[in-house]
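The chain below stands alone and is given in structure tokens; this is the form predicted on its own.
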């Protein structure tokens, strides 16, 4: 076998660690933002694809379908209507940018606003994708603890005062206020108003990530922070990944033109996938408002199965607050459990989990926590996977101790 060319000396300093080769999903996969495959509206998407392609498929010969760099116009028109109806956001198609999933939105906002050494404020427990990007950019990240209603405003106010006293003006306050990731909380309207007041007083914009906001059990959500803002100091992002399908990779940004125009100059990919935008626009106008309630109903039953399985297998050793929507459950195990180590042992047994430290700015606080995605596995896989996880946890950490309900379940 010929020796391969050695690229290693050519890699620049500061690259992320290399990615391991993909070996497939675990038998019991509770990771990522994967959704329920049975709830993908396949037949309607096929019909939408056929209709859109037959009507204007020849426009694929032109970058962006000749609709400009901000995305397919009918999809932006749908979003103008949807955002007003669901989130109270009043915007025009010119305020919207279609992007390749919310991760590209994060990148565009970050590269527009941040330089190495800058400071940003985030929720203490937050989206791993957001935290990892900030770390790679060399940004100082300040985490604010949460309670049942989201980011605590008293601690945010104290932090903003402390930073101001030290001559530091954060570039933004990043929040996931509606179905927070990973906690599943929803920030009440009164707290949103307080956040806007602090934002205005300290001159720090808000970066609102609303990617899970469609998946609220009650179907009722507070207005978006963007909708409540009197001065336009909010950048809002959202996604179709959780409401329709994550593999489509379609998200969006709502931002004032002075920010939007800068993001457009950084979006050098010649446009996000046009076919996905065409299909979504065709599908969503007639079907979105009826699809989402059916999806959330199915997800809610899976959450119930997961909570029942945890109670049966872990007893009181697993603590959690019932999320108000979404696809994740944030679980606290006893302090002696190191979920980074549990992750490795569980994966060897066929169960994948997200260890808490990867989703938090406070590694000590999150060391015994884990995030479980309940959307993708079946009800049977949820029950079996939690049982395997409990066995691994018991073997590695003596948690849970064999409690009465576990013994009974095995009888």
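Numbering follows the first chain given and starts at 1. These numbers come from a predicted model, not from an experiment.
Form predicted in complex with another copy of the chain: not shown, discussed below.
Residue 272 is the only one of 181, 175, 272, 243 with a heavy atom lying within 4.5 Å of another copy of the chain in the predicted bound form.
Out of the listed residues 251, 222, 205, 323, 205 is the one that sits within 4.5 Å of another copy of the chain in the predicted bound form by at least one heavy atom.
With respect to another copy of the chain in the predicted bound form, the three residues 293, 337 and 345 uniformly fall beyond 4.5 angstroms at the level of their nearest heavy atom. Using a 4.5 angstroms limit between non-hydrogen atoms, residue 69 touches another copy of the chain in the predicted bound form. Within this chain, residue 355 is remote from the site of another copy of the chain in the predicted bound form, having no heavy atom within 4.5 Å.
Residue contact check for residue 57: one or more of its heavy atoms lie within 4.5 Å of another copy of the chain in the predicted bound form. Put simply, residue 381 is far from another copy of the chain in the predicted bound form: not one heavy atom of it is within 4.5 Å.
Proximity to another copy of the chain in the predicted bound form, taken as heavy atoms within 4.5 Å, picks out 128 to 136 from the listed stretches 310 to 318, 182 to 190, 128 to 136, 328 to 336. Scanning 12 to 38 for heavy atoms within 4.5 Å of another copy of the chain in the predicted bound form gives 12, 15, 16, 17, 18, 19, 20, 21, 22, 25, 33, 34, 35, 36, 37, 38 in sequence order.
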